[in-house]
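Presented below, as structure tokens, is a lone chain in the form predicted on its own.
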Amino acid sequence: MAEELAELAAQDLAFGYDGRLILRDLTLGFQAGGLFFLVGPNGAGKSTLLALLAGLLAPTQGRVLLRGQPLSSFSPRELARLLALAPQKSTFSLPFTVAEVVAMGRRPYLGRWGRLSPRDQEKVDLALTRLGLESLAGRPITTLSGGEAQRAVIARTLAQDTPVILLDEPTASLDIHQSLGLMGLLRELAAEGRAIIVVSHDLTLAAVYAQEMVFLKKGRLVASGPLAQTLTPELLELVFEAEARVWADEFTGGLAISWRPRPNLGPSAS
């Protein structure tokens, strides 16, 4: 993932506060047309890295580059036309309809009167269709289930129509059918030439859908690269401290993983 060819890149990135570093020495590149999974145990720094890549946090050291330019060189409107983030949790206190929430993704393109153009409406309708939300378009988002609301947030991100899309645990509130559908959609978006970066705890999905993997542990980059080269038993054991078996799965066309506790690392181990 050479940073000089990347749509989005981190250069010598570090982040911390109160004298404590959470992330350090991260250099990564995310190319157009790739579906990247950021994985690692709890506390590895995955969501913090995503926030840095989105410009929500300022790095303690290093910088984030978007199309070769520092994030700080873009106006908020310019940045919002190039990069979109679907957070893990969104809170809605007002009863906007699902269609209105998805239309919020078009704000970077609206004129002074804030009216949707036919092209804007087309992008909103497409996002609703891709997330299977047509029948819920008129429902207040405050009346939806957690999974339905999460799909609306992801649809809002897609309506933004950016070349880089970041998603933080996008399947956390979705059932199996919805999760598989979303992963298939993300693969389609990558094939359209976008850079898709996903933070996920679900290694089962990553083993089937990821093109590139980024492994973090304790705020450091452990490994990154194509799925087949990085999703190995040795690397999984190093990162997650459990024994793993990895094999080609004919049913899914991807890889599969099974786990068992590493010997001598039970609750009583020191």
Partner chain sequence: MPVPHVARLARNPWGLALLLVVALLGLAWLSLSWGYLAFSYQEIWEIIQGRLLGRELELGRSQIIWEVRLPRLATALAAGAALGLSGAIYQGLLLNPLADPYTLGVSSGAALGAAGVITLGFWGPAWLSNPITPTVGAFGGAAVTLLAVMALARERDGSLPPTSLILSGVIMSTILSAGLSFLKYLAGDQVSSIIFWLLGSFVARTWLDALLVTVFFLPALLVALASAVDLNVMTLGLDQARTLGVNTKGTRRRLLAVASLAAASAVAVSGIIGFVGLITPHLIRLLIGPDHRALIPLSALAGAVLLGAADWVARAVLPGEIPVGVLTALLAGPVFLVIFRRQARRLTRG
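None of the values given here were measured: they were computed from a predicted structure. Positions refer to the first chain, counted from 1.
Here the subject shifts to the form predicted together with the partner chain, a form of this protein not shown in this document.
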Legend entry - residue 96 within 4.5 Å of the partner chain in the model of the complex, heavy atoms: yes
Inset, instruction - Check whether residue 115 has any heavy atom within 4.5 Å of a heavy atom of the partner chain in the model of the complex, and answer yes or no. - result: yes
Legend entry - the partner chain contact in the model of the complex: residue 189, any heavy atom under 4.5 Å: no
Inset, instruction - State yes or no: in the model of the complex, is some non-hydrogen atom of residue 125 no more than 4.5 angstroms from a non-hydrogen atom of the partner chain? - result: no
Legend entry - Heavy atom distance at most 4.5 Å to the partner chain in the model of the complex, all of 91, 135 and 138: yes
Inset, instruction - Please determine, with the chain shown alone, which of 117-125, 194-202, 71-79, 177-185 has non-hydrogen atoms within 4.5 Å of the partner chain in the model of the complex. - result: 71-79
Legend entry - Of 219, 34, 55, 29, the one that lies within 4.5 Å of the partner chain in the model of the complex (heavy atoms): 55
